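One chain comes next, on its own, written out as C-alpha cells in the form predicted alone.
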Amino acid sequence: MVGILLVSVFLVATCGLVYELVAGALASYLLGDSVLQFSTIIGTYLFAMGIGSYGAKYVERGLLTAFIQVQILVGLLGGCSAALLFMVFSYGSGFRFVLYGLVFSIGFLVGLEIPLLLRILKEHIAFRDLVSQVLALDYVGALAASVLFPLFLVPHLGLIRTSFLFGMVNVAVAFIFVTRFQKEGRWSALSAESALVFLLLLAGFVFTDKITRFAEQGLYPAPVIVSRQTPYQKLAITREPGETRLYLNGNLQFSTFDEYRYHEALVVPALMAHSAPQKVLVLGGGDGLAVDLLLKDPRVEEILLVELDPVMIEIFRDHPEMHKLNNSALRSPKVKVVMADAFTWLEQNDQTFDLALVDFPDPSNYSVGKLYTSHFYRRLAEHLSPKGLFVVQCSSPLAARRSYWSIISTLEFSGLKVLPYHVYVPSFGEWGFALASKIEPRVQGEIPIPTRFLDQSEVERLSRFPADMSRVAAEANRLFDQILVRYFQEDWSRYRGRDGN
C-alpha cells in the first residue's frame, strides 16, 4: 500500500506541473509576451495551491474519498483545459477570465492533494520519513514534468493531447485508490465516476486532431491544410482559392496574395546596395521565400540559412505542396541550412558574409526581442566583410512607430550607418525595414533580379517617410533592458484599440 501511495505522490505532482505548463504555453501562443503570461499563470497557480493546501485542514473525515474525488475532478478540469481554452479563444469571449478561472480551480485542487496524501500516509510511515519522502517525490515529479514537457510532450503530442493524457493519469490514480483502498459501500459509485471521466478524456485524446481542426477553423479565416505544434511555436498554414497563408502562434507571417511585396522590399534594396554579394547569410526566413529571390541574382554563389525551428524547414523544403511556394529554393545546392538559434550561432561562429538578411518575427516577447538588441547587431556586424551590410525587417512605422524607430536607434547605437525605408503590403499595412553597414549604405544601380512590384521609381520612394511615420524619439534596445518589447506591446495595443480589434 505504501508503495502505491508514494508512486501516486510522484504522478500527481507530475500532472499538476504539466497543467501549469500547458496553461502558460497556451497563453503565450495566443496572447504573446511569454514572460508576462508565464509569470501571471505561475503566480495564480501557486496562490491557488496555497489556498487549496490551507483548505485541506477543513476536510476532517473521509480523507480517502476526498482524495479520490479531487483526483477525478482535477483530471477532468486539467485534462480538458487546453481544448476548452482553444475553443473559448476561437469561438467565445472572456478568454482571460476563463483562463485564470481554470488555472485557479486546477491549482486549488492540486493544492489539496499533498496535504490529503500526507494525512493518509501518516498511518503507515513515521512523520520524520513521511515529510521528506513526500516532498522529495513531489519535487522529482515536478522535474520530470519540466523535462518531458518541452522535449517530448509538446513536439510529439501537442498541448491538447498532452492535457488529455495527464488527465487520464490523474483519473487512473483515482481508480487505483478506489479498487485498492475504498470500502465496498463507496466502491461502485466512485469507480463508475472515475471510469466515466476516464472514457471522456480517452475520447478527447483519440479525437484530438478533430478537436484541433475544429478550434483552428474558428481561429483562421480559411481552411487549415497544415497544422504543427513545435517546441518553439504553433504553426498553421491555411488555403483558399488563390491564397495560401502562414501563421505562427496565430499571427500572420505571409500571404501568397502579396508576400512578394514584403520579400522584394527585404531583398532587392540589399542586393542593389552591394556590388558583389557572393556569400549571403539569412537569419530566420525558414519559409525560403527570401532565399528564392536571392537565388535569382547570379552574383550570389552561396547562401547559409540559420533557422531555429526544423519543422519550418521540413515543411517548406519537403512538403509536396509547400516547397513549390519558394520554387524549391531550400533544395538548391547553393543553399546550406543550419538548425540553430541565431543568437547563439553568431556567438559560436566566425564566418564572414557580404550580405545578411534578418527576417525574424516581430519583437513581441523577450526571447525574440534579444534578436533586436545592440548586442546582437554588433555581433552580426562582426560577421560582415569590410563592405558588407545587412537588412532587418522592423515592424510597422505606422502602427508601431516607436518600435520601428527604436530599432533604428538600436542599429545606430551599435555603431552602424543606417538607411530606414518602408513599403506598403496590403496584408500588413505599412511595413518597415532598415539597411545597416559599417559604411554608409547606398541603394543604387539597376534592379538585379526580376520583380513583380519594385521598379526603379518605387525603389527611390522607399526611403521617404510621410509626417505620420517620421522619426520619433525612441530608446535603443539593449540585451538586459529590452525596452523595444514594451514599445511593441504598447504600440500595437493602441493601434488595435483604434481598430476595434
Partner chain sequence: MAGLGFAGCPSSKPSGRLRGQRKDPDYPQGHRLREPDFPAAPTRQERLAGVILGGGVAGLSAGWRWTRAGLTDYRLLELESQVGGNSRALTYPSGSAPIGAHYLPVPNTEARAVRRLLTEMGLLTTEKDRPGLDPRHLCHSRQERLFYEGEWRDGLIPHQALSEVSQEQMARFQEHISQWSRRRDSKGRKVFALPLHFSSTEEQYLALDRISFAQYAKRMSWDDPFLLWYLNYACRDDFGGSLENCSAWAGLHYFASRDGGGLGDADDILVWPEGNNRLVKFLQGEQKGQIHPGSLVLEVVPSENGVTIDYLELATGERVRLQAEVCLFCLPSFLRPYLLKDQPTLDRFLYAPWLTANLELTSPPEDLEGPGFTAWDNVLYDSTSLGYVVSTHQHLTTAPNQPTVWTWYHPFSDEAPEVVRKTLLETQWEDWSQRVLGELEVVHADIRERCRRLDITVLGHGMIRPSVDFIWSGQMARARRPQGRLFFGHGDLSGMSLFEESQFRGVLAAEQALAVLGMEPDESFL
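Keep in mind the model is a prediction, meaning the values are calculated, not measured. Residue numbers count along the first chain shown, from 1.
There is another form of this protein, the form predicted in complex with the partner chain, and it is not shown here; the text below is about that form.
Margin query: Given the stretches 371-379, 253-261, 152-160, 195-203, which is the single one in contact with the partner chain in the predicted bound form, using a heavy atom cutoff of 4.5 Å?
Written below: Going by heavy atoms within 4.5 Å, the stretch is 371-379.
Note to self: Even though the partner isn't displayed, in the predicted bound form is S328 close enough to the partner chain, meaning a heavy atom within 4.5 Å?
What the structure shows: Residue-level check for S328: no, no contact with the partner chain.
Margin query: Please determine whether S367 contacts the partner chain in the predicted bound form, using a 4.5 Å cut-off between heavy atoms.
Written below: Although the partner chain is absent here, S367 would touch it in the predicted bound form, with heavy atoms inside 4.5 Å.
Item checked: Interface membership of P115, the partner chain in the predicted bound form, 4.5 Å heavy atom rule -> Close contact is absent here: in the predicted bound form, P115 is far from the partner chain, nothing within 4.5 Å, heavy atoms only.
Next item on the list: Mark P310 yes when one of its heavy atoms lies within 4.5 Å of a heavy atom of the partner chain in the predicted bound form, and no otherwise.
Entry: No, no contact at 4.5 Å.
Note to self: Can you work out which of D138, E302, D341, E314 has a heavy atom no more than 4.5 Å from the partner chain in the predicted bound form?
What the structure shows: Of the candidates D138, E302, D341, E314, D341 is the one lying within 4.5 Å of the partner chain in the predicted bound form.
Item checked: Candidate from F104, F428, Y232, Y220 lying within 4.5 Å of the partner chain in the predicted bound form - any heavy atom -> It is Y232 that has a heavy atom within 4.5 Å of the partner.
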